[in-house]
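In structure tokens, one chain follows: the form predicted alone.
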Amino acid sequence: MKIENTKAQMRKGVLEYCILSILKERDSYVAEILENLKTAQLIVVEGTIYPLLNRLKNADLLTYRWEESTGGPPRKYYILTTKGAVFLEELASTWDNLQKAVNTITNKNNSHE
């Protein structure tokens, strides 16, 4: 088993949560979302993010608006919907519980070394 495959699967599992969290702070276009993820060292390519944003939009968790740009074509800004905010709260709770469980197990195992 290759470690890179496992690491990629772990990142994919939290990407939706991270994107919704970014959009909770403010409406953003794809380049801003990617920059936020990159700053957090969660590197994602555009080919990965567009299908995810589309899926979130189709689930009514996001919507979007077009806004004119001063330096190029109009930008599509993604916006967290009310349903998306509720979904994000549920993800946050699930993440907290999962993180506690994983920390309990991994810290317990590390203390026996």
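Since this is a predicted model, take the numbers as computed values, not measurements. Just count from 1 along the sequence shown to find any residue number.
Although it is not shown, the form predicted in complex with the DNA is what the next lines describe.
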property	result
Interface membership of Glu89, the DNA in the model of the complex, 4.5 Å heavy atom rule	no
Ile79: touches the DNA in the model of the complex, heavy atom cutoff 4.5 angstroms	no
Partner proximity in the model of the complex: Leu98 to the DNA, non-hydrogen atom cutoff 4.5 Å	no
Any non-hydrogen atom of Lys24 within 4.5 angstroms of the DNA in the model of the complex	no
Within 4.5 Å of the DNA in the model of the complex: residues from 12-35 (heavy atom criterion)	Lys12, Gly13, Leu15, Glu16, Tyr29, Val30, Ala31
